[in-house]
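Quick heads-up: it's one chain on its own, the form predicted alone, in structure tokens.
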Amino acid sequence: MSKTTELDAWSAGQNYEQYMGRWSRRIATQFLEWLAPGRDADWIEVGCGTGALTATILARCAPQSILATDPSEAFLSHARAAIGDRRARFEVASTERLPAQDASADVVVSALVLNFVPDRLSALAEMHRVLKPDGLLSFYVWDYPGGGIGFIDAFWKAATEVDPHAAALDEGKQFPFCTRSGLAEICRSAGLRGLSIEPIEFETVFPDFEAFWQPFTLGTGPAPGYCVSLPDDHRAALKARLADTLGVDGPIRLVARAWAAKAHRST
């Protein structure tokens, strides 16, 4: 197991909620406004995590049904407990093997997941397989190369100043394709048609520095996993460097930006 895999411990749903889930809910609303799907559709969500997008689809899009899948039973348990809607069904599944028949969904979506999938073309091909003719396929990923999650970008910059080896763990280095041009190339290779790729952006606000720092101490996700792996003195040095950079008085406001892609099934 690689060091990156060890640190990428997306297992504790509640910790994920504190670190990223709240921001995932924010961007889910804006994503669906941009997607503008039809009502009474049958949906499949690939990599639903703790259910941020699932819940937003149910609340805003009047779906007929939604099959939400994720490889993590811990995340699905969190989502099931939080979402009591009979239209939603949750199943453990990989992105490359969805538990659905060919051409069975009107809309297939994936939120903030595709960059973590080793074989992205196979994942898109599987999403394409379960999509009805003229169905809508869409996904979004954080703009890691462009510093699109400001609080994570600030963390890795400070971490690299304290420990140069941390640079290799920065998601901006791991996911260089998370740009408009990089995603367009992947979608073209997957044979998608009518492609549209646009940025979705909002502001993350932390009431003070401690509120900014606390999620990094929970261990769930690459940056928090790295943070808790540090010896106490190194972690204190990282915290001090971030405090110097961001300040300790008043709210901390940082951008969050994702690239969203949508296309129709090719014939």
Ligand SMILES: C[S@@+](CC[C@H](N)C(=O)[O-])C[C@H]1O[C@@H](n2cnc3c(N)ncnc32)[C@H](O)[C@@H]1O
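Nothing here was measured: the structure is a model prediction, and the numbers come from that model. Just count from 1 along the sequence shown to find any residue number.
We do not show the form predicted together with this ligand, though everything after this point is about it.
Asker: Residue-level question: is F177 within 4.5 Å of this ligand in the predicted complex, judged on heavy atoms?
Answerer: Taking the distances in the predicted complex, the answer for F177 is no, it never comes within 4.5 Å of this ligand.
Asker: Taking this ligand as it sits in the predicted complex, is I197 in contact with it (heavy atom to heavy atom, 4.5 Å or less)?
Answerer: Residue-level check for I197: no, no contact with this ligand.
Asker: In the predicted complex, is there a heavy atom of this ligand that lies within 4.5 Å of any heavy atom of V113, even though the partner is absent here?
Answerer: Yes, V113 sits close enough to this ligand in the predicted complex that at least one of its heavy atoms falls within 4.5 Å.
Asker: Under a 4.5 Å heavy atom criterion, is S24 part of the interface with this ligand in the predicted complex?
Answerer: Yes, S24 is a contact residue.
Asker: Taking this ligand in the predicted complex as the reference, which of G182, P71, G147, G191 has a non-hydrogen atom within 4.5 Å?
Answerer: The option sitting close enough to the partner is P71.
Asker: Does this ligand, in the predicted complex, lie within 4.5 angstroms of each residue among D153, A159 and I252, using heavy atoms as the measure?
Answerer: No, because D153, A159 and I252 lack any heavy atom that approaches this ligand to within 4.5 Å in the predicted complex.
Asker: Based on heavy atom distances of at most 4.5 Å to this ligand in the predicted complex, which listed stretch, 49-57, 33-41, 237-245, 224-232, is the contact stretch?
Answerer: It is 49-57 that comes within 4.5 Å of the partner.
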